[in-house]
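Shown below, as structure tokens, is a lone chain in the form predicted on its own; questions about how it binds or moves come after it.
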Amino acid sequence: MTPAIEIKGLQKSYGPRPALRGVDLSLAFGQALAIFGPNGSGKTTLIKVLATLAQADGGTARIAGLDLQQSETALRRRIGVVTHQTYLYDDLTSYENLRFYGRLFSVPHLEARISEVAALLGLEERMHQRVRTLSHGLQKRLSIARAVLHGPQVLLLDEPEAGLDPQAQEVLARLLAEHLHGGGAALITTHNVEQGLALGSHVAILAQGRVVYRQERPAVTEAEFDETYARLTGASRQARDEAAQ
């Protein structure tokens, strides 16, 4: 079966500073991989490269069988992306944003689909508010709605829980579970151990631009993971918790 994500020797530098130093990674459909790592370890860069928001300097990456370098347009229809930047238009309403992206991706039965994702994310009463009037947490909910609107095969989520209240975090967990149950896949970066271990079927650690650890979620406890994280990254649980805030 074609992997959801297949990465070999991925490299990316910003000037003289390497961010990814030969990342090797694979992920099957039906799996969610939660990636942890200190600030500067390359997590966000990895998401950006896979989302075609940044171009790799070396190595290869394929999503749903499509090469990032050769199939950007087709690939974007297969991925849903949530990053620190919402990619929402501040002067448009929530509804107008979703309608714009839905038309961009030729989403069938668009009005019904907009209503469905709005209800899923608890945004029904906010659909006619301009984005700039929404709180950060509501904008984050809307960016998640935008990411899943077109039914992507692979979700790329960079700290998706940041800014969400506990209720919205539960909604995110249900949404992700349904996505995996339907045969999708997800790559999630996070500092939040509790959330990452809850969302991921697999966990990994990225340090200095390399994957230094990977394990199936049921095989690791939170205490064991804390010890492993500190040993491989040199960062304490306290430092990781502070980065998550």
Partner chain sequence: MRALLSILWKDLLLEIRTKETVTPVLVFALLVVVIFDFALEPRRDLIVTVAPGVLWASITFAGVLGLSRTFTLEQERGGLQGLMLAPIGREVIYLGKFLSSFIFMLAVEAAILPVFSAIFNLPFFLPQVWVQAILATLGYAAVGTVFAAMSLNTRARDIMLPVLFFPIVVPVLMAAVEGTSAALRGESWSGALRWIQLTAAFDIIFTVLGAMTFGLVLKE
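Everything quoted here is computed from the prediction, not taken from an experiment. Residue numbers count along the first chain shown, from 1.
Although it is not shown, the form predicted in complex with its partner chain is what the next lines describe.
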Contact test in the predicted bound form: Ala51 vs its partner chain, heavy atoms, 4.5 Å
yes
With a 4.5 Å heavy atom cut-off, would you call Gln55 a contact of its partner chain in the predicted bound form?
yes
Any chance Arg113 has a heavy atom within 4.5 Å of its partner chain in the predicted bound form?
no
Whether Ala119 contacts its partner chain in the predicted bound form should be assessed with a 4.5 Å heavy atom distance threshold; does it?
no
Partner-free chain; cross-checking its partner chain in the predicted bound form, the single residue of Val171, Met127, Leu164, Leu92 with a heavy atom within 4.5 Å is Leu92
Quick check: do Thr73, Gln85 and Phe105 each get a heavy atom within 4.5 Å of its partner chain in the predicted bound form?
yes
Have a look at 24-32, 43-51, 182-190, 205-213 and name the one stretch with heavy atoms inside 4.5 Å of its partner chain in the predicted bound form.
43-51
